[in-house]
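Single chain ahead, written as structure tokens, the form predicted on its own.
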Amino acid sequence: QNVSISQGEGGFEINLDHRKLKTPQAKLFTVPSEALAIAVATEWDSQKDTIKFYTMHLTTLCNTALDNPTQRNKVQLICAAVKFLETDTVCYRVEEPAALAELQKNEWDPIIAWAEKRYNVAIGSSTSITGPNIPASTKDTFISHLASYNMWALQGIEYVITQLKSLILSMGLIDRHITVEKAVLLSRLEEEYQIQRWGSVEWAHNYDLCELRARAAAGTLFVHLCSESSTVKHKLLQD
């Protein structure tokens, strides 16, 4: 298929062989920025004989933003994101084995310290099964910060959070404090510790790692492209 983009009344559209792309709910597939349209069109252009939707993370995120299948509003999206603080991966610590406890301290304490300084909040960590006691003021600060994003970007933020199981790692990634590779490594710290100790099924481990990196990268790119007001000044996919 020939893939192109065009500008319509509601934003930028994707054309497949001159047919306009639609969402699963048959809405016109329209995105808010030219840069995002180019990225989505590139996903479609990379498809060969069989369309593999599971590889098209940006397209999936756009469909979610357009169709809003769970019918949530902005406040509900923000509350769902902040709720992850209560079970944030980097806040839950083990006491045994000592080597893993030390690894968690060395790797996770710096990102928590960064978040506490960046947002002027108290977070902390805990070895209790109930997790740390996150102050209400900390939650309020994150609620206010997330409220500065539009609905599309919030869909991307929640997507990244669900991949990394961590609001703190997600904000570090979106704020460009850490890389995708670092964020994924920190989110899988216990698993990587176990693999180094006991080994792994090589192909399965590599696949899971690459897939998680792809999803986290796509979600982060989606947030930035949905928050970007300027348009890209070049034409897409020359024949």
Partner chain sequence: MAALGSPLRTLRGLLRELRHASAQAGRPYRDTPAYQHVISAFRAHRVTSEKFCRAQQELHFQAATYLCLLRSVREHLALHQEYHGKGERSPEEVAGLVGFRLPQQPGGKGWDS
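All values derive from a computational prediction rather than experimental measurement. Positions refer to the first chain, counted from 1.
Here the subject shifts to the form predicted together with its partner chain, a form of this protein not shown in this document.
Considering its partner chain in the predicted complex, the lone stretch of 190 to 198, 63 to 71, 24 to 32, 177 to 185 in range is 177 to 185 [heavy atom distance within 4.5 Å]. Although the partner is absent from this view, residue 16 stays clear of its partner chain in the predicted complex, with no non-hydrogen atom inside 4.5 angstroms. Mapping the unseen interface onto this chain, residue 224 counts among the residues with a heavy atom inside 4.5 Å of its partner chain in the predicted complex. Taken together, the three residues 55, 210 and 214 all lie with some non-hydrogen atom within 4.5 angstroms of its partner chain in the predicted complex.
Of the residues in 18 to 48, those that come within 4.5 Å of its partner chain in the predicted complex through at least one heavy atom are, in sequence order, 35, 38, 39, 42, 45, 46, 48.
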